[in-house]
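Encoded as structure tokens, the following chain is the form predicted on its own, with no partner shown.
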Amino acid sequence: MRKIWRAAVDAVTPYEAGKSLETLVAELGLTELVRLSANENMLGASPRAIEAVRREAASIHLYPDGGSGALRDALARGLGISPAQIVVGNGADELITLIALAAFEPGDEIVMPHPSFEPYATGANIAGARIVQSPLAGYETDLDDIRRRATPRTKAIFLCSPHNPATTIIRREPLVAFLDALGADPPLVVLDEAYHDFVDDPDYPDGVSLLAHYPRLVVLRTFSKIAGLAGLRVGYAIASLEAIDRFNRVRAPYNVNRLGQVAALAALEDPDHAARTRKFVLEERAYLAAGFEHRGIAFAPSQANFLLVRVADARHARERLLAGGILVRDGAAVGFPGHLRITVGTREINERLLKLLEE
């Protein structure tokens, strides 16, 4: 019988994004449903970004800038690097795929924390590489264990800081020591900083500042969180000229649409909105943390725009919140059974969430 499908695809588990808000509202018979399951920006996008999308809508019959040139130029100015060190993608998900397409081959080993963001494993599986999992130490990334698991066959190491879903960070001194310990011929080290804008720990390192010393480092960032552009899918990778050249060789010609590019550019031009979003997240994260502590509910020390909360009966708690109009993520779906992953909401929503959990 003719073999059609690649064997490597058998190892891929499709990402389950869940039903749309509109579908859930209709099915549950609710008048309103607040989604705290996807780590979205509760303040929404900058008004400037929304207006930029309105203006650009008349041009959607035209292909976008294939290289996202204006956006890369603006990012480069803000980061103090060359635009040639940046590639823009259809969300960080596409960038992870580009890394796999450009670098991974059958038999390669890809080391990553477990659990961690699911697309890391998806890209490796599609390439036919072997995934090497390093268990978290509680809620923390175990860099010593990851280094022990690295071998001459290791092509890449994925790190996530703040970690999704554990919410914790990798601090500066341990990260630098880890990168140094990999030696003069290290594998790629992919540092996913999707939630870096919400960190207030002074020991948090800036991945971009490390690129000059560690040329095999690749830093991932996104406009989905701080800029509230999750619906437009815009992310970017910062790396060496060699790495960016390789990513561009496997990137689709028009991978980021016109609306996403102009919205991201407008978001960069509105730092006040980003500052408001950060202030809001830090204040409401602290409010939720205090509320959980007061009720004796354990949680990981979050540096992201969400919290990972331990509950006695996650399924029952999730259903109770859903009946009350609040959707959260079951931790079992992201590798943490007995937990809920909860996005930081507005004060009104957070008060309602705490009351429902208490009941």
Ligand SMILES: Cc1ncc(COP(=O)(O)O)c(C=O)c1O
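Every value quoted in this text rests on a predicted model; they were computed, and no experiment measured them. Residue positions are given as counts along the sequence shown, with the first one as 1.
Just so you know, the form predicted in complex with the named molecule exists too; it's not on screen, but the next bit is about it.
By the criterion of a heavy atom within 4.5 Å, residue 198 is excluded from the residues contacting the named molecule in the model of the complex.
Looking at residue 112, you'd find every heavy atom of it more than 4.5 angstroms from the named molecule in the model of the complex. At the 4.5 Å threshold, heavy atoms of residue 240 stay clear of the named molecule in the model of the complex, well away from it. Not displayed here, the named molecule is kept clear of residue 251 by more than 4.5 Å at the level of heavy atoms in the model of the complex. In summary, the region of this chain contacting the named molecule in the model of the complex, judged by heavy atoms within 4.5 Å and restricted to 264-272, 84-92, 144-152, 170-178, corresponds to 84-92. Site annotation in the model of the complex: the residue of 166, 256, 160, 281 reaching within 4.5 Å of the named molecule with a heavy atom is 160.
Comment: the named molecule is not present in this chain, but in the model of the complex one of 139, 214, 204, 117 has a heavy atom within 4.5 Å of it, namely 117. Taking a 4.5 Å heavy atom cutoff to the named molecule in the model of the complex, the contacting residues in 204-225 are 222, 224, 225.
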